[in-house]
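The chain below stands alone and is given as structure tokens, in the form predicted alone.
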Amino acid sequence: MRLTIDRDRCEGYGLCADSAPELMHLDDDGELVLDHEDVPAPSSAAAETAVRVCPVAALRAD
């Protein structure tokens, strides 16, 4: 599984980072940073949750 961010849509709510802190975080400017674009298998459920909770659908898992 691979995560991607639509930077034009992301508004920095941080719900995704709260759901999967082992995969992503917000930087000091409120921009989402993916710590792991390629999701390790044990974190796949957290990645799917992060995608689902994004209120602007800015995060995708393929």
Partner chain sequence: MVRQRVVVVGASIAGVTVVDELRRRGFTGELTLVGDDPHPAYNRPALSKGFLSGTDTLASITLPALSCEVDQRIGATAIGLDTDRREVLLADGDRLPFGRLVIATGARARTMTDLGAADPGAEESTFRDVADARDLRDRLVDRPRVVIVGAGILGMELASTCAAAGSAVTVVDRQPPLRAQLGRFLSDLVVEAATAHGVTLAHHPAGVRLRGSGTPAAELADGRRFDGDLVISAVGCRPDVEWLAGSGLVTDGDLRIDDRCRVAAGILAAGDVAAFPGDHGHRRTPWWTSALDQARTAAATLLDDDAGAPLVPSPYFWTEQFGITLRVCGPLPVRGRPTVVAGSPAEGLLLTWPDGRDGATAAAVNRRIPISRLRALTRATPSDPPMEARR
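Numbering follows the first chain given and starts at 1. Treat the numbers as computed from the prediction; the structure is a model and nothing was measured.
Just so it is clear, the following notes concern the form predicted together with the partner chain, a form of the same protein that is not shown.
Contact annotation for E37: none of its heavy atoms lies within 4.5 Å of the partner chain in the model of the complex. Although the partner is absent here, C54 sits close enough that one of its heavy atoms falls within 4.5 Å of the partner chain in the model of the complex. Although the partner is absent here, R2 is not a contact residue: none of its heavy atoms lies within 4.5 angstroms of the partner chain in the model of the complex. With contact defined as any non-hydrogen atom lying within 4.5 angstroms of the partner chain in the model of the complex, the contacting residues in 28-62 are D29, G30, E31, A45, A46, E48, T49, V51, R52, V53, C54, P55, V56, A57, R60, given in sequence order.
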